[in-house]
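The data below hold one chain only, encoded as structure tokens and taken in the form predicted on its own.
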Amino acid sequence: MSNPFEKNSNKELSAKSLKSRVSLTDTNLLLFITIAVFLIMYVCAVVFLGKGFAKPQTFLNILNENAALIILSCGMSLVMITGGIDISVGQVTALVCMSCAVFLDKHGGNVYVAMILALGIGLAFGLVQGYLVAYLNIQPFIVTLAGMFFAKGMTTIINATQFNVENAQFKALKATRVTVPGLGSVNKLGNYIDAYVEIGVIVALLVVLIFFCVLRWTRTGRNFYAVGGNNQSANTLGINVRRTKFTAHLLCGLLAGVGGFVYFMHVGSGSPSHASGAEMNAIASSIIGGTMLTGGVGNIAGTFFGVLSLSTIKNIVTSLGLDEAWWTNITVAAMLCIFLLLQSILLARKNKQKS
């Protein structure tokens, strides 16, 4: 005789396998769309807006200017995959910049200690916010909204005005460039100029690589997707939902500290207005990169190309002579609407397959 429990077990396993395939298919499809959109935009920029976009350094400058945003967006994607959100990362970045700037310039601090300070600030926010979200079941938006206001207030308390850091050790680190062989160009004077990236770009690429591997090949990454897909199902499978959510917010806080110091190395100053709106750009980049607001679907590689797409469209709008801020905002809003529509279509298809 057949065992009814065995049949039910097989059905459950089949359902789980189907759900994994659907999620993986959706993730790959959204990633493909994001990469295709970026390539089309960049090729159009090269063809219609002049040869400036064709220079390798132009592309590398996109990375130089957005290294911190790439790191923040990776952290945001981790939280969004689990079904949460973190809107404090922009102000945490500003707090890191101001704290490190005051420590280095006003107190004669050491750069390496400043790095530890930046990581400590990010971890502190990740620990507190992760605990409140995961173990006290407070809405992530409310918790991180409070974190955003707290970070903003603390930044102003530490120092209310903008100033440039004159610490010699930090200025040497900030001025360090990594030459990219074979991608240089000849300027108008006939001199060959090496292509380069800032140290922050190397850090950002390492973060992308590490968390791409974490999400794709580790148990922790699979737990993120499972919790974001369905909390109750994840709990039934023996996944510690609370610990998974806590880990996601902890990593997001840590990456906010890393991204804050990378941003600090890029701008070389402390200011209460630093990284203003960075949290919105991180959310937008994650969505454009294929991370669903509902959780359970996302890809760090997609987030990386989401940042590149966001920056490229802004550069295109500026190159067209539309310098007013609203044109950029309107264009970004249009991109978001398109990608949210695509996500809605995929979500509807997934719900139909489940039923």
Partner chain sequence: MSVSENHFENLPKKSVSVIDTIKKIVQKQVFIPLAALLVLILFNLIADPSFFKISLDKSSSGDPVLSGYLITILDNASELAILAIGMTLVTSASGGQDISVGATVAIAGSVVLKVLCGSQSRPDQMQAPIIVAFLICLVVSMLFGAFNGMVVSFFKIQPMVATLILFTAGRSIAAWINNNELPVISDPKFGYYGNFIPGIPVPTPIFIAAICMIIIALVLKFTNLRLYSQAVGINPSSSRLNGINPQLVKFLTFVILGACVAVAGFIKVSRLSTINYSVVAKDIEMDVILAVALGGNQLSGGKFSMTSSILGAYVIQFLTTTLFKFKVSSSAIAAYKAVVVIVLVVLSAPIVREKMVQMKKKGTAAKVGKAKKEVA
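Remember, predicted model here, so these are calculated numbers, not experimental data. Numbering follows the first chain given and starts at 1.
The discussion below concerns the form predicted together with the partner chain, not included here.
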| query | finding |
| --- | --- |
| Candidate stretches 97-105, 211-219, 116-124, 151-159, one within 4.5 Å of the partner chain in the model of the complex by heavy atom | 151-159 |
| Close approach of residue 254 to the partner chain in the model of the complex, 4.5 Å, heavy atom | no |
| Contact test in the model of the complex: residue 193 vs the partner chain, heavy atoms, 4.5 Å | no |
| Exercise: residue 203 in contact with the partner chain in the model of the complex, heavy atom 4.5 Å | no |
| Touches the partner chain in the model of the complex: residue 287 (any heavy atom, 4.5 Å) | yes |
| One residue of 29, 330, 320, 43 in contact with the partner chain, assessed in the model of the complex (non-hydrogen atom, 4.5 angstroms) | 330 |
| Interface residue in the model of the complex among 85, 250, 207, 165, criterion: non-hydrogen atom within 4.5 angstroms of the partner chain | 85 |
